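Next up: just one chain, as structure tokens, the form predicted alone.
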Amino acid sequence: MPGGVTGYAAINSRVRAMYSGLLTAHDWVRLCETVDLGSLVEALKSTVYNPYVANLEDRNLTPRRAVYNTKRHLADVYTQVIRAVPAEVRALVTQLYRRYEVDNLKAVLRGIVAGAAWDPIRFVLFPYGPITVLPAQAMVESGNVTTAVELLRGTPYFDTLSYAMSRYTSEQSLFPLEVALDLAYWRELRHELAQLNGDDRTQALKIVGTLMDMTNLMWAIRYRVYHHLSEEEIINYTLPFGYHIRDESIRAIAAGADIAQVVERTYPDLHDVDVLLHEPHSGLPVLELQLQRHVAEACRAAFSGYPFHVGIPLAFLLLNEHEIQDLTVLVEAKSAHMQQEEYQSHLLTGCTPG
């Protein structure tokens, strides 16, 4: 039988070893107590991030460079896990990782439209590594969106962008290109989920399905609250499938239903959603953070019970992503000399022990 004890024995040991390297509550308290970016980087040198920040000194230490270097750790972790998982789940884990390649592609297109040079853009991109199919530098240096898309011929992104180029040309907006990339990405991820069987499929759905729900729900809410899109547009720009968030919930939001009621039906432990929606520019990031905590709970739950399935590596990868997200907040906060009470609410992990 594919996977099972034999297929997951080695990767389980490796992932659990890496899992033990995630920052502890004590680490977070120590990092939050640092006074500036330099002392934060110094504190990271006693963690698994040391190889990635050891060469950062005053002369080359910027918030952008610090974030980029911590993300190199996540890139290495993904690469190790992809190589080690059983062959039958490798396509799913690889597709999960491609979210960062899609984000890089969107950043490259934005850079082209803004007329930016390659050097300012390169450290904004996720350090995806040599397996990327994006000719990012050549795309930026082309200086033209149409030419840049043509450079993607032969990659998984060319057809998707080609179909959306007519709208870009007529509207001179990257929005249709970015929406097309996002929808194509999640459809392919769902396709890879559907290829799994048994415990792999069940556990992957718990992890990836929860992430998919959060993403789709926040799309629908933002399209309606921020962008004031029509019902038809919201339906067209969201996913018609999910794990707990069903198509009818997305359609209800698109049709003008009470968003708080829709959210609280699926997430009954969330309260005061209507209060958050009253001030969407400050409230929606808080709502998204609460939904991310649901993803984190699903990830931590994967480490209990029967261990020989793809849920373990998937859960570890997403927990590592959350760690990087919090480190990014800390880098920006310490660079701006913010007090802890100013940034605490933006952290998934928090800075208090326990």
Partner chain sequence: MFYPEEMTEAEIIITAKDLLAVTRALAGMGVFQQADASYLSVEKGLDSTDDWQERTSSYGALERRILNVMQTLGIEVGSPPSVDRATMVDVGTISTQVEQTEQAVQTVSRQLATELKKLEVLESYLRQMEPVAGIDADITALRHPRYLFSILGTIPVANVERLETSLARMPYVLLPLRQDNREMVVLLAGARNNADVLERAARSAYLNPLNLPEAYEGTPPQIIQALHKDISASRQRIGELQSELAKLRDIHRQPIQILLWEARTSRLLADAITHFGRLRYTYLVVGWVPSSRVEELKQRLKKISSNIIVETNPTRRSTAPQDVPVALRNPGLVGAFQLLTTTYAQPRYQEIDPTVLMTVTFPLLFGAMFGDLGQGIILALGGILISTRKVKSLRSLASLGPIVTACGVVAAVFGVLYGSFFGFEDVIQPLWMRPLSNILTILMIAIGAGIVLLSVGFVLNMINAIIARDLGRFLFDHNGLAGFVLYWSLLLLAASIAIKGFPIPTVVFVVTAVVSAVAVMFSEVLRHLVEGHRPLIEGGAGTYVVQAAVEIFETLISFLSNSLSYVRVGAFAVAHGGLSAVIFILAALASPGHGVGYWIVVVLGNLFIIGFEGLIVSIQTMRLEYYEFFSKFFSGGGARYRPLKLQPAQSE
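Keep in mind it's a predicted model, so treat the numbers as computed, not measured. Positions refer to the first chain, counted from 1.
The protein also exists as the form predicted together with its partner chain; that form is not presented, and the subsequent description refers to it.
- Only one of the listed residues (Arg90, His244, Arg110, Arg167) places a non-hydrogen atom within 4.5 angstroms of its partner chain in the model of the complex, and that residue is Arg167.
- The single contact residue among Glu264, Glu233, Asp258, Asp272, judged by any heavy atom lying within 4.5 Å of its partner chain in the model of the complex, is Glu233.
- Remark: of stretches 124-132, 279-287, 152-160, 96-104, the one touching its partner chain in the model of the complex is 152-160 (heavy atom within 4.5 Å).
- With respect to its partner chain in the model of the complex, the three residues Asn50, Gln137 and Pro240 uniformly fall within 4.5 angstroms at the level of their nearest heavy atom.
- In the model of the complex, its partner chain sits within 4.5 Å of a heavy atom of Ala9.
- Not displayed here, its partner chain is kept clear of Arg190 by more than 4.5 Å at the level of heavy atoms in the model of the complex.
- Of the heavy atoms in Ala180, some are within 4.5 Å of its partner chain in the model of the complex.
- Using a 4.5 angstroms threshold between heavy atoms, Ser13 counts as touching its partner chain in the model of the complex.
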